[in-house]
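Single chain ahead, by itself, as structure tokens, in the form predicted alone.
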């Protein structure tokens, strides 16, 4: 089984490695928006006494530039091709294969994420470090916790997008669900602004009752050591818990979807 997992991960890596021009264009776009967002937030901080919701200059720069890098790694806005395979009927072939489609897509996504870390994440982060200077963690364990938090963010994103793909079994056209997901996940994940700027009750509700902060805000808070190592551990534990919950929901939803599957002519 490990050989199958390795093969699927490698296939996911190679698939995205073929899109060289798209990778360069994406890294360039992330970098341009990184400059825009960083200057805006630093300007806000300058007019607010040097900080925004407890984030100083280096923390804000890290939040922006590493966030720009994580965009492609987490890929919360990139939908899987599952819905299209449901509409075309190709999902039948996926279900007949010896490996569960959930795990097939999962290992492919991990390969994609590995490629994005080496390209779309490193480029904006390095440019941001050169142009602005980023926050340097005070504890070596922070880097390991950031890696764990990022992996959990990738898995949370995958599970949510897999559930959106499964909705095609009932809806066929998932564009409405996708638009809603893009709006909510962007607002509630900390992509547009740190969640700490929201009212306390709303920020707490998002952290406790939804997986959204685990997509972006969690890894970024871990990297800037917001709240110390204890808070970083709490963030990682929460993310891992959401991964387990969402994987179970994916298995349950897939089982229900298969019962509804109707194949034309048979």
Partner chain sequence: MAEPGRLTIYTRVLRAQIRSQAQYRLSFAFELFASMLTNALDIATVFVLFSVGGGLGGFGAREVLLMAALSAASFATADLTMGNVDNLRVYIRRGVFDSLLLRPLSALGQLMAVTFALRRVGRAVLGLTLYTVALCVADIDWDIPRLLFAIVVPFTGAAFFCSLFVAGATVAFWWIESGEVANAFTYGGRDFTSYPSNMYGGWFRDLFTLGLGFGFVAYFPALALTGQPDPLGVPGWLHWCSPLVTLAAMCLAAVFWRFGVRHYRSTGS
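Numbering follows the first chain given and starts at 1. Quantities reported herein were computed from a predicted structural model and do not represent experimental measurements.
The discussion below concerns the form predicted together with the partner chain, not included here.
> From the list 41, 240, 234, 206, which entry has a heavy atom within 4.5 Å of the partner chain in the predicted complex?
In short, 41.
> Quick one: which of 104-112, 90-98, 174-182, 158-166 gets within 4.5 Å of the partner chain in the predicted complex, going by heavy atoms?
Result for this chain: 174-182.
> Since only the chain is shown here, I'm wondering whether residue 19 would be in contact with the partner chain in the predicted complex (any heavy atom pair within 4.5 Å).
The answer is yes: residue 19 has a heavy atom within 4.5 Å of the partner chain.
> Since only the chain is shown here, I'm wondering whether residue 226 would be in contact with the partner chain in the predicted complex (any heavy atom pair within 4.5 Å).
So residue 226 does not count as contacting the partner chain.
> Please tell me whether any heavy atom belonging to residue 143 falls inside 4.5 Å of a heavy atom of the partner chain, as the geometry stands in the predicted complex.
Output for residue 143 is no: heavy atoms all beyond 4.5 Å of the partner chain.
> Is there any non-hydrogen atom of residue 29 lying within 4.5 Å of the partner chain in the predicted complex?
Contact with the partner chain, yes.
> Can you name the residues of 184-213 that have a non-hydrogen atom within 4.5 angstroms of the partner chain in the predicted complex?
The stretch touches the partner through 187, 192, 193, 197.
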